[in-house]
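The data below hold one chain only, encoded as structure tokens and taken in the form predicted on its own.
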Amino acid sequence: MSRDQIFQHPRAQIVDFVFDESVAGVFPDMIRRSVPGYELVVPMTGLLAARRLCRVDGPLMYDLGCSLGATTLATLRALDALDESSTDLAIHAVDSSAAMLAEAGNGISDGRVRFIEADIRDLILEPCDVVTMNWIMQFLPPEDRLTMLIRIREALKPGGLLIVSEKIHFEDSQQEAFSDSAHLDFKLANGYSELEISQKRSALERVMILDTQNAHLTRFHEAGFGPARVWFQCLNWVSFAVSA
């Protein structure tokens, strides 16, 4: 695993963060050292997805914003563990970054997985059983988020499942300050310098726009989904399981 050193040296100008070749090459290290609970959320997402997929015939799952395919791989492994590695399963793993998909294709060789380079907002969704979006909504323009959820809800079959993980911000300023400080300590403890943290935060400022937990729950309801459950939270990182 290559170590993330993208923001190690001072930069005269900080440009917006993009998922290019430099990020794709260090992404596993970057996300593990930056996202509290990542190594629990991904396999649990795979397990939750697999529980739904193994109950239907000809199951189809979309892994939207798949990056290097960690959620896709976790789902395949969970199905194998459940002795449900059906040959009629299809997973469409979608990302707009060619660099991320190239790395994903190198790591996953499975005929049940189809990698698709596309902006998820433009993708025509087929009727499906599971959709996963781990840390993706926060990178969509806020005005596009409800429309995206409506399209997902319309594509999900009855009983289908949407799994969403996001970084959130808190309405309570003291809780926000506590979580932000603890997250800073988490990254420092994982070997990032204050310079790296500061420069990456500046690069993400305009492209990663956070919602509150209530905003997410309200939007799920407005999109026509059934119950939405929080199944994981660590500081300001939250995962939802949303019924179609």
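Residue numbers run from 1 along the displayed sequence. Note that this is a predicted model, so its numbers are computed, not measured.
Omitted from view is the form predicted in complex with a small molecule, to which the following refers.
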property: Stretch in contact in the predicted bound form with the small molecule, which is absent here, among 212-220, 184-192, 30-38, 51-59 (heavy atoms within 4.5 Å); result: 30-38
property: Interface membership of F19, the small molecule in the predicted bound form, 4.5 Å heavy atom rule; result: yes
property: Contact label in the predicted bound form: D119 to the small molecule, heavy atom within 4.5 Å; result: yes
property: Interface membership of W135, the small molecule in the predicted bound form, 4.5 Å heavy atom rule; result: yes
property: 4.5 angstroms heavy atom contact with the small molecule in the predicted bound form for S96; result: yes
property: Answer option from A90, A155, L140, L73, heavy atom within 4.5 Å of the small molecule in the predicted bound form; result: L140
